[in-house]
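Here's a solo chain for you in structure tokens, the form predicted alone.
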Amino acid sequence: MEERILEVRDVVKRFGGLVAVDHVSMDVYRGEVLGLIGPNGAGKTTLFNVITGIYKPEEGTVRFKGMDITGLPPHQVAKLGIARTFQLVRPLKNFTVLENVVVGALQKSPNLGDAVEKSLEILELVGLYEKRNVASGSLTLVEKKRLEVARALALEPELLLLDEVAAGLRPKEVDALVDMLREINKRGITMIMVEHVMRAVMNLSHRIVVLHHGRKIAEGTPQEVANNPQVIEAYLGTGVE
């Protein structure tokens, strides 16, 4: 885990008078799973939006594989190898599960046959192969979450950003999701996961970064973060799952 795949340096993002991300710096190493946690409004999703080009920061830089990608538009960031999921899962509901993934796969594989073949492999990986011909609008919440991951994987990312992918799931569903994400990580995909479900973060992350009011207040292994008094006061003591 010594090769830095992502470097965030002194990033600041403001919305009017609100500083949503306040001089945040962090490194992500190739092959790891980094948890990004903090209370609602801590700046986690905003930071994701800066990394993926949805927002341009007022200050600071984002480097991916040594390249400055600060402020690049989202489609360029995705082409370089960064994909993400979103908190609100919105599949193309009139498309089948397979068609949803193929749409993404065609961005990397212009040949339809290749895109379909790759999409079927991804659906096998995320446990949706049997649902491949079902309209995505009829899926359960956990299945839609898995489809969201599949659509991101179709872009063949080296870095996958997961935004509250375990939210709303029951404990057994969370555990199954963690197993799936661990398998994806074993295949060489680096991950950052924004998550409130501690069951998922603590079981999957190699390291955790904690944000509070837009600032980084802690960083370390899951055990170190769980025992950090500042983190307990700011977040873990508030009764999250």
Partner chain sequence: MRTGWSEIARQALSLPVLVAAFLLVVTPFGLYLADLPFIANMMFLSLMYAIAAMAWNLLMGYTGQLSIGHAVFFGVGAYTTMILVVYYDVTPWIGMFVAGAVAALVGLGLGVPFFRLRSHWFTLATIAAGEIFKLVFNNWEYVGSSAGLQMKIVPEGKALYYLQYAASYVYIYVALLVLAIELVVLYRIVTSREGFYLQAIREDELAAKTLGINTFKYKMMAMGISAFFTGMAGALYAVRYHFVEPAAVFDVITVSTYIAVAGIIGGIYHFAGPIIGSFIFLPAAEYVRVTIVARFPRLFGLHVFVLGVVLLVVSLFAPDGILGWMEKRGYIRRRRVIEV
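Positions refer to the first chain, counted from 1. A quick note: this is a predicted structure, and the numbers were derived from the prediction, not measured.
There is another form of the same protein, the form predicted together with its partner chain; it is not shown, and what comes next is about it.
- A residue is said to contact a partner when one of its heavy atoms sits within 4.5 Å of a partner heavy atom; E99 meets this definition for its partner chain in the predicted complex.
- Within 4.5 Å of some heavy atom of its partner chain in the predicted complex lies at least one heavy atom of A78.
- Contact annotation: V116 falls within 4.5 Å of its partner chain in the predicted complex, judged by heavy atom distances.
- Using a 4.5 angstroms limit between non-hydrogen atoms, L125 is distant from its partner chain in the predicted complex.
- If you check its partner chain in the predicted complex, you find a heavy atom from every one of L112, L120 and R132 within 4.5 Å.
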